[in-house]
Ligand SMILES: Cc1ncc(COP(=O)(O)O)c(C=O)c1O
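Single chain ahead, by itself, as structure tokens, in the form predicted alone.
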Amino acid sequence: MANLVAPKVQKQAVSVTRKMAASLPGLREIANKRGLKVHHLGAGYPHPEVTDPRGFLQHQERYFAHLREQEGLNDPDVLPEYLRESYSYTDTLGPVSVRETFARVYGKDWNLTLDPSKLIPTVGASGGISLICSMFERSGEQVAYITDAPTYAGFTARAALCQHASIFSVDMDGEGPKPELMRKQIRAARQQGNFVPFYYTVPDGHNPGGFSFTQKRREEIMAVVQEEGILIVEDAPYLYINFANADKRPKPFFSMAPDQVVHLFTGSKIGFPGPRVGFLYSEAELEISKGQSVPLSELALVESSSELLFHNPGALMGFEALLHEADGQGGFTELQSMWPLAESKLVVYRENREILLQVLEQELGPHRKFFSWTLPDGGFFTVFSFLADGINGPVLTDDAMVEKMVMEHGLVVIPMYDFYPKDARQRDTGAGMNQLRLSFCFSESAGQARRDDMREAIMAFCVAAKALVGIAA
């Protein structure tokens, strides 16, 4: 037998969410033995009530029947075009009709004319993150990514896979990342010999920040990246999970400057999670040599085809069905906007959010000395902070505390410290160590039972939070 030597690899830290997922079965068993009901305030999963596939499958079947009728086929032995496309090899860009439909509908929502040839299919937004990182890591030179502190753990995990990539993070306030700190970090990264391609963020329903960037701050960030000559990678999973009034919603970055932004769309949060349909879109041009530039979308397509030559055409065609509505006469018409589609899903998340904020204010509002929480304008999360030492001393939101929350209160929560990139924890060793990310998106029940479970979960959390700081029940 040959003696194989493993290549030298960097040991990677395990994400706190993965650690919790791995340990949860054992902790749940302990909680159950103690007679505790387990409450999910940790997972950022779409709710089963929102993602029930039965209605979608019926809709898809009717839409496919509509396509068959459109073809006018009378011979049952002739394979319809939509069926052939759904189960055959396809171009890396996927079926043309899907991209053209999505470009029209999505473009109308953001007052843009999207070029379907620049829509690169991805495996959800996570696939888009991996794709854009791979593009800039391919040359082998030292690369530095700018991101928020805290930031999405999936991005830091992907960046950590590359040994010649590093992260320079930017501290945030209640409006978003601080612009002058961003400029400082870009320049510091360059001074250390790094190529800085982009700033990565989730500006709407920030994961894990639990808020959305203000329009003023977006404009300030855009000014910085334009002056410094880098891109914005805009991860937009919660763009339609928005609780603000329509006239109060800030603009996504790609609607402000599509030639400065790489926009990552995913259908996962609006009721289409399993098929993992996503798109990368950008109108940026990249200089590849002096005086010569190419569209970023072309480079992304080449990179994508080297990793995932054929996307799932059946999933993409199913997504196309979602972008059409029955006209009441046996036919289908293209949606004029994706907002009505999202609104039907928002009912669940809006109700859960209202319950969360109502109970927190009711139970912990009188104790603002000890607690604070963000008010999410979008997304699935609020960041809960312990502000002052309690009677029992400081509250540390470490692994031990999280395990204790499950075993003693049946509460699954996620600590914030692991969402802070390494350099942020070097600047502040206590970063995130007094914070939890609470999610209000997921439970295992529906309807009134869901509402009751959410209220019960937040009440149980408030009891636990009071106990941690020594407030008598």
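The numbering used is simple: start at 1 and walk along the sequence shown. What you see is a predicted model; the values in this text were computed from it and never measured.
Form predicted together with the named molecule: not shown, discussed below.
- This chain lacks the partner; the member of Ala125, Val395, Leu114, Cys133 within 4.5 angstroms of the named molecule in the model of the complex by a non-hydrogen atom is Ala125.
- Between the options Thr382, Ser282, Thr156, Asn207, the residue in contact with the named molecule in the model of the complex by a heavy atom within 4.5 angstroms is Asn207.
- Stretch-level contact check against the named molecule in the model of the complex with heavy atoms at 4.5 Å: of 158-166, 215-223, 236-244, 177-185, the positive one is 236-244.
- Using a 4.5 angstroms threshold between heavy atoms, Tyr349 stays clear of the named molecule in the model of the complex.
- For the chain shown alone, Ser297 is not a contact residue for the named molecule in the model of the complex, no non-hydrogen atom being within 4.5 angstroms.
- Contact check for Thr147: every heavy atom lies farther than 4.5 Å from the named molecule in the model of the complex.
- When the named molecule is considered in the model of the complex, Ser304 lies well away from it, no heavy atom lying within 4.5 Å.
- Residues of 248-272 lying near the named molecule in the model of the complex, listed in sequence order, are Thr266, Ser268, Lys269, the criterion being any heavy atom within 4.5 Å.
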